[in-house]
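Read the single chain below, which is given as structure tokens and is the form predicted alone.
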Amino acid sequence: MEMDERKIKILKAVIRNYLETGEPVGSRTISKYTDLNLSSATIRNEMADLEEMGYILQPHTSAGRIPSDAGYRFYVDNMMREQQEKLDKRENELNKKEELLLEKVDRVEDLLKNVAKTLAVNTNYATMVAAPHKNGRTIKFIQISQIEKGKILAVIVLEGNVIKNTIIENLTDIDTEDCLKLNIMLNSTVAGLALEEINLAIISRLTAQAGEYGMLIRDILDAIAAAAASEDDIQIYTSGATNIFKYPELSDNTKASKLIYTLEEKKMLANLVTDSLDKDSDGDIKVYIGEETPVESMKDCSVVTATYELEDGAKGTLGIIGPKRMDYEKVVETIKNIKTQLNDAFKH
């Protein structure tokens, strides 16, 4: 069975009507909604074909049809293609509310919180913004020094000039000359390596070379691992969680509580951020519909994500979470606009 132009127009009419009303759509409504000039009977036959093809479904025997996840996917893919030229032309047209993002802020954290809030206000959906993040950050430099008896200060400089300081308990006193030798040995071996490249062979060689300070070297390498691991933690800001109560299909107690917990607790959102970054090969906006979403509590939602980037290659994620009947055109345009502004803000 082919998806011809008539079926496409009827599917779009079903989806657009459902987006507006949240109610199942009948053939009589579609006959008034489209410019096809078809009878209700003909439209019913076409809708039966669309149902057989899996694009729409009938929630109750006597009810009209609603879009399936496959129907939404077909609609979104076509909408994205149709809207691309329009979005490109309007990319630099800033919504007045969104211009607030360009106001000076003291910290990146404040800027990203403003972004999450602005997205929530402008779309009436829940939103998330993940701070810039870079996997595999390399070690640029290590400096160790004894600050008092039994305590070593390790200063670890990571790519992007991120500095991590940690205190290491050391039972063996270390003089200045030995401290210098250890610094030279460490930097000549691990500087320029990512954490995952420091393997057992490197650790064993460094430990053997360090002699009586072998245990200290292991403690320093553990400190490096801890510093790099803390860099891999994804900071996520959310806003608009209560917006989900505006949509009946998401607002029953069980669904709403799970979704709000996910937005507030945030750890599970890291799966969404990671998946979005992994799929960001072309910089396009991603749309997850229903079961496509990698977060269990969002299987009844649609999620639209986009990636923004810093000059050093670190990437962050924008996300809008709403019902499957979200206003995709508005959401895509809004998130693309914000993405452009963030890219510009971080590259100046």
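For every residue, the number given is its place in the sequence shown, counted from 1. Every value quoted in this text rests on a predicted model; they were computed, and no experiment measured them. Whichever C-alpha set is largest while still superposing within 1.5 Å between the two forms counts as the rigid core.
Here the subject shifts to the form predicted in complex with another copy of the chain, a form of this protein not shown in this document.
Although the partner is absent here, residue 212 is not a contact residue: none of its heavy atoms lies within 4.5 angstroms of another copy of the chain in the predicted complex.
Another copy of the chain in the predicted complex comes within 4.5 Å of no heavy atom belonging to residue 276. Contact check for residue 132: every heavy atom lies farther than 4.5 Å from another copy of the chain in the predicted complex. Shown alone here, residue 140 lies within 4.5 Å of another copy of the chain in the predicted complex, counting heavy atoms only.
This chain is displayed alone, yet in the predicted complex one of 170, 124, 145, 189 has a heavy atom within 4.5 Å of another copy of the chain; that residue is 145.
Scanning 197, 175, 265, 82 against another copy of the chain in the predicted complex with a 4.5 Å heavy atom cut-off leaves one residue, 265. Taken together, the three residues 117, 153 and 163 all lie with some non-hydrogen atom within 4.5 angstroms of another copy of the chain in the predicted complex.
Per the 4.5 Å heavy atom criterion, another copy of the chain in the predicted complex is contacted by stretch 241 to 249, the sole one of 203 to 211, 72 to 80, 241 to 249, 189 to 197. Contact residues in stretch 190 to 214 (any heavy atom within 4.5 Å of another copy of the chain, taken in the predicted complex) are absent; none meets the cut-off. Residue 243: CA moves less than 2 Å between this form and the one not shown after rigid-core fitting.
Annotation for residue 253: C-alpha shift under 2 angstroms between this form and the one not shown, rigid core superposed. In the core-superposed comparison between this form and the one not shown, residue 148 has its Cα shifted by at least 2 Å.
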